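One chain comes next, on its own, written out as structure tokens in the form predicted on its own.
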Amino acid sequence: MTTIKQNTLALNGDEAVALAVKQSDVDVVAAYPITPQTIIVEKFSEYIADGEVETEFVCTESEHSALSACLTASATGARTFTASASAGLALMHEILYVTSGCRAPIVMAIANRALSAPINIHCDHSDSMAERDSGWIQIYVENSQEAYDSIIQAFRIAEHPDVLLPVMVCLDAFFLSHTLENVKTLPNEAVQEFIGDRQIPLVLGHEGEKVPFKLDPKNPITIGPLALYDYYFEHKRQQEEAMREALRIIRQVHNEFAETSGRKYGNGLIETYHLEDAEIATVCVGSTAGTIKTVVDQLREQGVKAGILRLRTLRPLPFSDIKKALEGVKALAVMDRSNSFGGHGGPVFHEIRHVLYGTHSTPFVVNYIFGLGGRDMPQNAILGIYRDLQAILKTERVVEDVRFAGVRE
């Protein structure tokens, strides 16, 4: 598929992200350190100190300030990046909405970490899941290679004139952020050619003429103004339209990157594994998918028609792709590494049941909350979930539709 020569480097997920940002010709990085994201901005600051990039690095006093600085830089036309996790992302909450509402195409890496209390520095998805309705595109990766590839794609997606929305690339804390893997890396020139320069669209200015959509004293415009009930609704509708357009652009950018790199992740929105004839299946996001695939291989060797659907993109939700991928499944387990307290199940469970509601052959659907605070999900525990699905298939009955896997009751 590709003739571009690539180097294989031993990198952890954070280092893979930092390298991808370095190669993406970013103008401004504003950040505040928080475990387990800190390596990303530390490594990038080394690139700056060593003269390997010409990026302006702003070390702010908080994550709220970091994203505010990125927003301001992006509004002037700069390509911007930041990274965070857990409480840092929560502190950004207000500015997440401001950023997407101002249509600032910022890219941010999230090293998914549990939210306290009690204090925990390990992996679950409670931080990014809490922000899934903030207007950011959300991409969840399975391994460090995908983290590297997705950061590069994210700049193209965010800056596309039909999108102009910020993008989160989410990688599991410690399972990916601090674990060494072989990562194939593209030459700098190939990455920069793939991403290109940021293209600033034209908008109608105050004097009725077309001007670039950025803060520029020569062509003054207003970004993020006061908009009461007479205009606010229209702004929000435009964000929804941009999210719908993003489904097409994510696919397009993913496929173009596959031509450059030789690597694909499903269709860019979802990845299916042995789903073509599967009777029982799981749905998940993140690094756990790799372990589940191994279990699926074992079950297939035993003649069990098992499969998995991995959601790569949670926002925008690839509604039609999910529905089509699961149309033949008879019993389905949705796995959540976070919980919606009092909401009867986790957020991914809610999304999937929403997709499947009203379909002609709705499968039995159960939810497994697992791995909170970084608790491991070994193969035998995943195998137990598939055995549960086999039992549901046999009895045609779901006794308990929300379950907690691997917890001391």
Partner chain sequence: MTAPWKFTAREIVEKPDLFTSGHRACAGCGPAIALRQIMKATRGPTIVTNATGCMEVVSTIYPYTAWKVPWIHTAFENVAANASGIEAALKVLKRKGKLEHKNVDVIAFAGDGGTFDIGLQALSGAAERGHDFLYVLYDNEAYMNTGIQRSGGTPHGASTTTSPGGKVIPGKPQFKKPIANIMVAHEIPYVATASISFWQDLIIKTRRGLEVKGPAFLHVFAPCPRGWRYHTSKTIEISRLAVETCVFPLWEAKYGEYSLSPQSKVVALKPERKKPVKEYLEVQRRFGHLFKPGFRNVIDEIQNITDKRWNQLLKKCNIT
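Positions refer to the first chain, counted from 1. As the structure is a computational prediction, the values presented were derived from the model and not from experiment.
The same protein also has a form predicted together with its partner chain, omitted here; what follows describes it.
- In plain terms, the part of the chain that comes close to its partner chain in the predicted bound form, with a heavy atom within 4.5 Å, is 217-225 out of 248-256, 105-113, 159-167, 217-225.
- For the three marked residues, 28, 54 and 60, a heavy atom of each sits within 4.5 Å of its partner chain in the predicted bound form.
- Taking the partner from the other structure, its partner chain in the predicted bound form has a heavy atom within 4.5 Å of a heavy atom of residue 231.
- For residue 95, a non-hydrogen atom is located within 4.5 Å of its partner chain in the predicted bound form, even though that partner is not displayed.
- In the predicted bound form, none of the heavy atoms of residue 354 sits within 4.5 Å of a heavy atom of its partner chain.
- In the predicted bound form, its partner chain sits within 4.5 Å of a heavy atom of residue 64.
- Listed residues 339, 134, 72, 261 were compared with its partner chain in the predicted bound form; 72 is the one with a heavy atom within 4.5 Å.
- Proximity to its partner chain in the predicted bound form, defined as a heavy atom within 4.5 Å, singles out one entry of 323, 235, 330, 178, which is 235.
- Of all the residues from 282-297, none has a non-hydrogen atom no more than 4.5 Å from its partner chain in the predicted bound form.
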